[in-house]
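Only one chain is included here, represented as structure tokens and corresponding to the form predicted on its own.
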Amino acid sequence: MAARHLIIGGGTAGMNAIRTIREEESEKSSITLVSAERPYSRMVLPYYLDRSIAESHVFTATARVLADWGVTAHLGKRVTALDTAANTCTLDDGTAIPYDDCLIATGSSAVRAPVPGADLPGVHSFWTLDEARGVIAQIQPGSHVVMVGAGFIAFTILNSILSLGAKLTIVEIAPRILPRMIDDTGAALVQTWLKDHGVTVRTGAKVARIEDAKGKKRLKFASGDLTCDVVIMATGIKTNLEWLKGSAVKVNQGIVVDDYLRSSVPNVYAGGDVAEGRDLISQKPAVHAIEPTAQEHGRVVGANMAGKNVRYRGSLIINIVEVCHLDVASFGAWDDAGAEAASGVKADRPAYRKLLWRGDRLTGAIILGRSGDIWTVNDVGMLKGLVQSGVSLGRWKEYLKKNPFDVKPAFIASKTTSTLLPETVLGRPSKAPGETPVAV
């Protein structure tokens, strides 16, 4: 009897798992996909928002593609229960689906701050395709948009909002913008850059409530009001795991997984935003709700479902955004207070580097610079490589401490490229498109 694989969730982790199963299996298996939405890429939603792409280009797999892959799809359905003793899941329409192993990759949802009026019409989140449609319908040239929250989520759509001809105000309760991505020095440079590009930023500002105001929205603060046309709540996300309550699957911040991405129930895997696995730098459990981690999780789980024995090395936290042609990025343990650190600032460019070490290994970095500067683009990749590889820098550590803007000599001398080139998620060279339309 063919192995029965169940994939719960049609996002990045789920789709990568399906593709990898088909590439790695020795005998054709049965794959069933359950997804509340048609499979699509959340990463391209900002381009959909600014009309760079049509909605049809958001989707990652059509019904035809799923059929070609031999996938039985239950789209528009949700799993309501997982019986790990009987190896059966139940859908919201009562359908029972048996499985031999399954991947839980149900992703995350936007969380709105507990502010009175946050559920009013004209107050939006921006995390799913449906939410993106709501924002698109509201923003017109000349609209005043207030974004509540100045974290990574907000900054992924900042450019798109401005490109639509809207006026933008960002409100953040923390003392600085991007509080979970960069430090005070970097945040100050980005805030100045935003001001120079016509964006108003209010930090240390707590919204007391949101009210209707003659077709507009009024945000009430302790120190006055702010009236606008559209409010976008970018105040965080939560894992979609409520339906697992009462199951045998252990959940902490996410589903606790081992180095093979298996949960506490050996034939139940987890990947993407819902998985709590090894952090590459700290080696401690962490939830990394980022696209690269979801891709890697999907590949590792898919290979293991196909009968391989692939160990996941751990997830590297990566955050990269482009803000009005200014690149901002951080990698690894960029906020490690116990690490040895060195930094450099060129405020007139603006440009910023901060490097963090444990011993002679680079464990975290922050980089900021103009998108058009070739050294910014190159250094983003090289700093990520140094952090990811964990190569010993030896005497080059002292060089980088004195010259944080000259990364290339240390990158070449440490042979980081030769360290990373053989390192693939599945332990084998990438395969060109064959039975699947993408390389895996």
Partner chain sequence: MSVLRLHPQKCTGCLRCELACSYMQTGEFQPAKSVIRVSPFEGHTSYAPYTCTQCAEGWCMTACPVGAITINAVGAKDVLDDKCVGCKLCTIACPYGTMFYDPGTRKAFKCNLCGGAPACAEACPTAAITYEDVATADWLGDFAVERTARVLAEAR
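From a predicted model like this one, the values you see are computed outputs, not experimental measurements. Residue numbers count along the first chain shown, from 1.
Below, we refer to the form predicted in complex with the partner chain, which is not included among the displayed structures.
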{"property": "Non-hydrogen atom within 4.5 angstroms of the partner chain in the predicted complex for each of A2, N240 and W243", "result": "no"}
{"property": "Heavy atom within 4.5 Å of the partner chain in the predicted complex - the one residue of F126, Y352, F331, F155 that qualifies", "result": "F331"}
{"property": "Segment that reaches the partner chain in the predicted complex - one of 231 to 239, 206 to 214, 281 to 289, 314 to 322, heavy atoms within 4.5 Å", "result": "314 to 322"}
{"property": "G385, heavy atom within 4.5 angstroms of the partner chain in the predicted complex", "result": "yes"}
{"property": "Close approach of V391 to the partner chain in the predicted complex, 4.5 Å, heavy atom", "result": "no"}
{"property": "Non-hydrogen atom contact N378 with the partner chain in the predicted complex at 4.5 angstroms", "result": "yes"}
{"property": "Contact of T60 with the partner chain in the predicted complex (heavy atom, 4.5 Å)", "result": "yes"}
{"property": "Stretch 33 to 55 - residues with a heavy atom within 4.5 Å of the partner chain in the predicted complex", "result": "S41, M43, V44, Y47, D50, S52, I53"}
{"property": "Closer or farther in the predicted complex: C-alpha pair I157, I374 (3 angstroms or more)", "result": "closer"}
{"property": "Direction of C-alpha distance change in the predicted complex, I374 to L189 (at least 3 Å)", "result": "closer"}
